[in-house]
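In structure tokens, one chain follows: the form predicted alone.
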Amino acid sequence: MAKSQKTSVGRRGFLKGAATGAAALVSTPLAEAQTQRNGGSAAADGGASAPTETQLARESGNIRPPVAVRKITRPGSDLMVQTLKELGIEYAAANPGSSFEGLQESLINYGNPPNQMPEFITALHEESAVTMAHGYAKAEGKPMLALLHGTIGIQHAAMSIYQAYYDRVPILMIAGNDPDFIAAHTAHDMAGMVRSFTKWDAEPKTLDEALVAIQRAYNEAITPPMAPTLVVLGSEIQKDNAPNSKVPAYRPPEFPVIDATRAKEIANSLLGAQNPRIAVGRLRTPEGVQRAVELAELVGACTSTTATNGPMSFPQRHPLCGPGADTNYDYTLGLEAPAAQVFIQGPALGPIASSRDTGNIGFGGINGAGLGGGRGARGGPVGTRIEADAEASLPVIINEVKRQITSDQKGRIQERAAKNAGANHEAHVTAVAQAVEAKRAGWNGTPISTARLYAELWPLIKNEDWCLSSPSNFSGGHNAQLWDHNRPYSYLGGQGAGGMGYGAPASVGAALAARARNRIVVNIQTDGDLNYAPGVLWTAVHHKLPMLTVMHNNRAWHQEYMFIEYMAGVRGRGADRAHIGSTLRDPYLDYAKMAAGYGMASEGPITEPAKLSAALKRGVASVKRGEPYLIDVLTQPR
């Protein structure tokens, strides 16, 4: 939208057709800089200069190419996109910004076919763009790209970066910096705003340095301890003509692996034990999960899993997953999880966080035990810790087991595995029966019980390739007992730092991963959380994502509501006014209409339990066709 010189400068400089795109590629900052020096005046209090006529024209999309045009035969941003292609980046999410207009133009036009690997995903907010990358990374175990516009884009995204850092997920971010455009959108050290909760950052000064920085940022993100990384790219580097530049040869990162002596000891202990156990936490990728299954089957060990807490762990209903036939284990190996004898955990994030927290902010949980090396369950007996990446170490251990195993041991292992499988099956059946019985309470009540919501959804998706993308702790966590979490992405877990506005955009990111993989995504969406970032519903529709959103609409931030009720009670004031500031009423929100406003098929609110199943069937059928769907369900508080 055009801005008069009497109003504040507009937030974004969008690409406005071919003419504007050409201008972005061919203009130099010299004329704008001269105009600002000659005609611009700083504020009396020493503030930034007012925007020039040239800047305002560019902001409003009224700029024309200059008479003297630079001949661009190979934009630097094309090489940046080629670098991303060779890294295997599938998607780039962004709310468009003038500081990366060169890169955006290359993303959508460079390549054959264009706009693929990566595909440009339109976000309505930078926070949502980064959280999409968060959800994608948890589903696939690898990064996608989030683009950020200058200082304001990084600040919008900061909450999502913070959450991803806590959750130790790999995200690649690129921020544009256009020092010759809007001063308020630039900075001398733009990455400094989020340095305390990113793993690595760089601001290269040349195109060749930029290509190397993108590759390194990717490697740093995926190498334990995984975390978001940021590259700040000047607008001129993106627009430079680079006919002779080449993408440097990519060198994959080296993961810390246990040494051969340790591998021999572990293999010997697993094969020599009468009743071994493997505790499996959160691995990095689906390949790591496959290797954990292979090791457990080789030695016939029963296993634990964190699959009901988050992604990339041992399949919950695998025959060897459970307590086994005998809970007196004589050897336990931990893979990214504590164990009685030996456990392998990746390097801790704490030391990196400490070195980058130059402002001594001291975020709670980052420098303490909360971001230690392991990504698995805490608690339980702890033995000898080996600092290495468990996933990268598994092939070494597996090969050593195969080398040491004897025919006699194979026979004993088969017998042990059969006993463990039988005991685990009985334990599973008993646990499910007890859970079903316990969740009958309030089955026919109104509002609808959250247990019924999960129970009636399960038979509709259990034979599909599905992913529960949203946190379930605020909706009762009934999936842990009623559903089978057998794939690395079955349940993506919580937010990381517990911040709101996560569920819907993370689900969109998971749905991006699902779209080309014949998978559906289920988002049990809390109502308060959706109101932080409802615009992602449009993104889901626009990109035709297989995402089913079922509202857990209890019309409150119920945890906070309970806290206020408790506080008023212990202070003897009564709970009559506890709803103030903690409920969503007067008026009630209509989420089906909200979704419809963004173009999403929807229905509700569903208030009668008997009508729930039919609505869920319609929703599942829709997302199986690749059409996102929202069902508003009035629910019990938890």
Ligand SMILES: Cc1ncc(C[n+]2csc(CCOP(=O)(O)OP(=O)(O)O)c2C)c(N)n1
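As the structure is a prediction and not an experimental result, all values here were calculated from the model. Note that residue numbering follows the sequence shown and begins at 1.
Note that the form predicted in complex with the named molecule isn't included here; everything after this is about it.
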{"item": "Candidate from Gly477, Gly498, Pro256, Gly365 lying within 4.5 Å of the named molecule in the predicted complex - any heavy atom", "value": "Gly498"}
{"item": "Heavy atom within 4.5 Å of the named molecule in the predicted complex - the one residue of His552, His185, Arg284, Lys239 that qualifies", "value": "His552"}
{"item": "Partner proximity in the predicted complex: Gly141 to the named molecule, non-hydrogen atom cutoff 4.5 Å", "value": "no"}
{"item": "The named molecule contact at Asp78 in the predicted complex, heavy atom, 4.5 Å", "value": "no"}
{"item": "Exercise: Ala388 in contact with the named molecule in the predicted complex, heavy atom 4.5 Å", "value": "no"}
{"item": "4.5 Å heavy atom contact, Glu560 to the named molecule in the predicted complex", "value": "yes"}
{"item": "Stretch from 389 to 397, 529 to 537, 194 to 202, 347 to 355 whose residues place a heavy atom within 4.5 Å of the named molecule in the predicted complex", "value": "529 to 537"}
